[in-house]
Every structure is written in C-alpha cells, then in structure tokens.
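Let's start with one chain on its own, the form predicted on its own, as structure tokens.
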Amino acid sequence: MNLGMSGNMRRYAWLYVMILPIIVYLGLFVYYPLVQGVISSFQETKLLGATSWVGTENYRTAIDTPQFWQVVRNTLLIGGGIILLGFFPPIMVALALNEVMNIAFKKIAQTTVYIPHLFSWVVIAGMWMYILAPSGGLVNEFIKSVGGEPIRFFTSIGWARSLMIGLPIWRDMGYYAIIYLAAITSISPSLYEAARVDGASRFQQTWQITLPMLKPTMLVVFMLNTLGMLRIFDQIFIMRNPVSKRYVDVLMTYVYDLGITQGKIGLASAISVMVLGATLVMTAIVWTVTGFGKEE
C-alpha cells in the first residue's frame, strides 16, 4: 500500500507541483485569516495593536446591541428578496432565448442580457443614480411630464430597499440565464422528438421535459445564492447614504463599519464568525430540504 502511494506520488509529481501554489494561496489568504478571525473574536484589540482575552464578551455585546438585530433583519429582507424574487426571471429568460430560431438575434439577445453582469457595482450605481436622479433623471423627468411629483429613489426608505433587491436581480439575471440555457442545450433532442410524436405542444414539452431536466441546475444556483445571502456587501456599501443607511445596512457593511471605521476588531470578528456559522446552518438546511447531491 505504501509503495503504491509512493509510486503514485512520483508518477504524478508535476500535478502536485502545479496544485501547490493553490494550496499555498488557500492557506495564506483563506484558512489562516479564518483561524485568526476566530481567535480575534475572543479578544479585544487595544491601542498599538495590543490584545487581551475577553472570552465570549464580544458575542454577548453583539447580541445585546439593537443595531445588530436591525442589520440582521435588513440582511434577511434584502438577501431573501434577492433569492426568492430573482430565482424565476433567469429561467424565463433562458426559456425565451431557447425558443428564438434566428441565430444572429439569439446571440445579440444573449450578449445584451449578459452585459450588466460584467459591470462593476460602481458603474451600475452611477448609471442608475443618473437615471433615477430627482432632477434631470430620465424616470423623474417622465413622472413630471405626466404631472407627478419626482421620487427620491435612493433616499426613500421603501424605494431604497427595493433597489437593493432589484438591481442585483437585474445585474445577474443574464448570467444565470446563460447557465440555464447551457443546461437546456444539453438535453437530448430525442426527448423532444418523442414528445412531438405523442402530440405534445411546445408548452407541454417545456413543462414536462425542460423544467424537470433543469432541476439539478436550479438546485446548484439556489445553493450558490444561499451561500452568498448573508455576505452581500458591494451594492449596499456603494449605494447606501446617511438617510437610507439604517434600513439598507446589512451584516457585512456593519462588520466593515465596526472593524475598519471604528477599529472594533474583536466585535467585528465575532459577528463574522456568527455569519459564517449561520451560513453553514442555512446551507445544511437547504441541502437537506432540497435533496441536493442525491442521485435521482
């Protein structure tokens, strides 16, 4: 047995050499900071970087802070809204693109819906702030032209939170649609041919063949979105403002404010550890409920 393992090591030596940089990268920039963060969550960082052990005090402080529960609520509302409201649009876009017979138009449509995913959140925020500006914005100019009052989208509590949900859905819809479209094209044409012989309509073929065959891809996308639900940061950090901050701040922006702005490293680390634990629990629940990874 040992000789066999030793022989395999020599035989695939270059493969191990190739993977070594990845292992080093993960060790230095993923697992070491993770371990250090867990340790910091039980410490208090003082002036000049000195630390003292405080046990679970940081966790108790976080739980006893009303603002913590406010950002938890915001995170669940915004993250949950992105997952639930953003689940079906990419599927519908993929199904629509699959029905397009004109190849040139189909490629243009795929590129068009995918382009927003390539934009950074800085570009997207600037673009939509211009479109929704109270004065001179395209939307508000139209509202005023029909006799309405301009809406301050990014400072209105209801609108600000809706934008934090809607813009990520709009940005990533094309990306997930391409994933679903790739899964659709991998479905065996013989299934559709058999369905047509039996007299099935296009709608029946979609309902009875396409959607069931997309189930594994749906589960993967849902799992990935669940993993990122509690870690949304970019769009909130860029588009929040002093007026809407209380109602759109999420856990990761709260951690940033505590750790970077206020220097409360221990408290920020404790909240990060709780986010990690909650993410693992949510993933396990979704994994169990959906049967992800089980063979059909």
Partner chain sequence: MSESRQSEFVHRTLGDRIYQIVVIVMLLLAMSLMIIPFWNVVAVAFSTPLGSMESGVILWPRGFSLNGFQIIWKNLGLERAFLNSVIVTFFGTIAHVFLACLAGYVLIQKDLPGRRLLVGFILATMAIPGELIIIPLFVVYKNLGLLNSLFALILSGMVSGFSILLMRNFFMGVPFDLAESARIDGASDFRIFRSIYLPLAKAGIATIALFEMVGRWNMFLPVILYINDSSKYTLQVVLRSLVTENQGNSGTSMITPNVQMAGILIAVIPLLTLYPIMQRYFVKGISLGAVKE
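We call the rigid core the largest set of C-alpha positions that still match within 1.5 Å between the two forms. Note that this is a predicted model, so its numbers are computed, not measured. Residue numbers count along the first chain shown, from 1.
There is another form of this protein, the form predicted in complex with the partner chain, and it is not shown here; the text below is about that form.
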- Task: May I ask whether 83, 184 and 208 each come within 4.5 Å of the partner chain in the model of the complex, counting any non-hydrogen atom?
- Result: no
- Query: Is residue 215 close enough to the partner chain in the model of the complex to count, meaning some heavy atom within 4.5 Å?
  - Reply: no
- Using the partner position in the model of the complex, report whether residue 125 sits within 4.5 Å of the partner chain, counting heavy atoms only. yes
- Message: I'd like to know whether residue 32 contacts the partner chain in the model of the complex, with contact meaning heavy atoms within 4.5 angstroms.
- Response: yes
- Query: Does the partner chain come within 4.5 Å of any heavy atom of residue 112 in the model of the complex?
  - Reply: yes
- Note on the structure: Checked 219, 191, 179, 76 for heavy atoms within 4.5 Å of the partner chain in the model of the complex; positive is 179
- Message: Within 4.5 Å of the partner chain in the model of the complex, counting any non-hydrogen atom, which residues from 249-268 show up?
- Response: 252, 255, 256, 259, 260, 265, 268
- Establish whether a shift of 2 Å or more occurs at the C-alpha of residue 69 between the shown form and the other one, with the two forms superposed on the rigid core. no
- Large Cα shift (2 Å or above) at residue 260 between the shown form and the other one, core-fitted: no
- Message: At a 2 Å cut-off on C-alpha positions, does residue 242 qualify as shifted between the shown form and the other one after fitting the rigid core?
- Response: no
